[in-house]
Structure formats: C-alpha cells, structure tokens
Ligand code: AHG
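Given as structure tokens, the chain that follows is alone and in the form predicted on its own.
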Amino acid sequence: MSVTLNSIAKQGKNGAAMMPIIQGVGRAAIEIAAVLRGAIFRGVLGKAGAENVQGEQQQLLDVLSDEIFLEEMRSTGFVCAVGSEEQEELLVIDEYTRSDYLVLVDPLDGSSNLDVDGPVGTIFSVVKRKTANSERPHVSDTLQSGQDVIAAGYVLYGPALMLVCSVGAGVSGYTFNPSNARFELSHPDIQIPETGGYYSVNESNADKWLDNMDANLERLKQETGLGMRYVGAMVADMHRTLLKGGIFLYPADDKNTTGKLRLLYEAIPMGFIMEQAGGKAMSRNDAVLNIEPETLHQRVPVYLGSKNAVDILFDN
C-alpha cells in the first residue's frame, strides 16, 4: 500500500499538528498545477499590470496562485494568518484568528519562466504565533528565525508534480499520482550527496558580486570540478542540488547590496530543508537559520548546498 501525506502525522513531535497544513499545501499545489496546465487557453499568461511589494512586475499567475494558496490555508482551520511574497501586509484569516499557526509563502517562485514553459514552484514555511490567541495575529508573529520554524517545504511544478517537506524529522518527497489523485511517498529520507553534483548561479553577474564571491566560486570550481546547471527558478535549482549534490548560490551584488532572495519566503524555508537533508545554509558570515528577521520582506544573500561545497566557498 502506498504511503501518502497522512504519514506526516507520525513524523517527529510536530508531524500530527503539521499534517493538516501540509495537506492544504498539497491541495493548493494540485489546483495551481491545473491552472498552469491550462493557462495559455485561459488567457492568464503574461503580466498582471501591477507591481508587487518587491517592485517586480506581477504575472497573472502570481496573483492567481496567491489567491489559491490563501484559500487553501483558510480551509485547514489551523492557520490564523498568511505572509505572502505577493502581499505588502500580513493577511489575517478572520475566521481563525485564534488558531496557532502562520504560514509564509512564495506562491509561484520563478514565474518569469512561465512564458517559455519553464519549471516553477511554491515555497512555504510554518511558524507558531508569539502573540496570545486572544489577540489578532500581528506581523511580529512572522519575524522568527529559522530556528523557530516548525515545518517547511516546496512544490515543484515539473514533468511530475512533487511536494518536498520536513517537519523537523528529515526530508521526504511526495509525487502526485494522477491515477488516484494523491501525493505518494516517492523520495524517503532525502540526503544531499556529500560530493559531486553542480553549482547553480547566474554567473553572468559575477563581475558585480560582493564579498569576493567571484574569486571564491572560482576556487570552488577548481577544487571540486563541479559542473554548472542553472534554471532560474529557485525551486528547480534547489531540487536538483538536493538530489544530485553541489551548491545553489545567489550572492549580493552592486544592485542588490543586501541580497536578492527573501529571508522569510525563500532563504529560511529552503535553508531549513537543506539542513534537514544534511546540508548547509549560509548567508554571508552567518547561518541562514540564525538570522533574526527584522521585516516581512527582508532580503539576504543565500548559499545552500553540501557542507563540503559551502565550506570551500567560505574558506577565505
């Protein structure tokens, strides 16, 4: 008999509490995947005509995915608020303001790939509120380091629909089986290989990188012989790194001096997954999971990969 998302309830001390929320993520993923498959026929490819809080052009599918995810988190009954990369403010779920958990999400990572039918994904994490349940959830509830994350994961919308997640007891990958409309365990106990694999980065920006990362990367390439692969969607590049080994990096540069990726929506959840899989997650001179968030949309440099690759990159 196949193992489904229900098995999360038996994983670690947080599995039972997290299972309904991760099941909600799965439902959102199925719906988003269906929208993506039919997007060209529904006329929902292209720009939405507005910018998000990051100052980036929103795609129509960014907006739709954001709406779908919020509704599925509402349907769980266990989520009091959602912080989304697409929304400037925290979205409070009024029906469940007394619930214990908040979800942080990048609903459609890599949406610039949509017009060329490239892979995209969803990234999420779950934290427990700090305010009393009698109070209305506040943005301060989201400003927790990766050490306080209870669960995290991502969805890859590729040739197969896959959900990779952790509740703090290792990393498991579930693939959607269309014959029975369920996510089934396909990749148990994912561990990043200690050697081999690839480095993933937009190397055309190397001359603009800060922190001496251009020279550090050259040293890494010479010492490890890693090949280069880069999709331009963090979920796709991270997934390959997790399964094949190597490192994903997004350094700070002259334009993005504090980094480009969002701490709460990308760096922390992916750093949580990477460390649970035996890898390492760094941002400049500190571990990603040790950074105390200051704002909802804070950005940081990100280096995720095998311990060996990350250590070589930072060995100055």
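Position 1 is the first residue in the sequence shown; the rest follow in order. Please read all numbers here as calculations on a predicted model, not as lab measurements.
Keep in mind that the form predicted in complex with this ligand is missing from the display, and what follows is about it.
The listed set 227, 158, 193, 232 contains one residue whose heavy atoms approach this ligand in the predicted bound form to within 4.5 Å, identified as 232. Comment: this ligand is not present in this chain, but in the predicted bound form one of 61, 261, 281, 68 has a heavy atom within 4.5 Å of it, namely 261. For the candidate spot formed by 85, 106 and 110, every residue has a non-hydrogen atom within 4.5 angstroms of this ligand in the predicted bound form. Heavy atoms within 4.5 Å of this ligand in the predicted bound form map, among the stretches 70-78, 214-222, 135-143, 242-250, onto 242-250 alone. In the predicted bound form, this ligand lies within 4.5 Å of some heavy atom of residue 202. Along 263-280, one residue reaches a heavy atom to within 4.5 Å of this ligand in the predicted bound form: 266.
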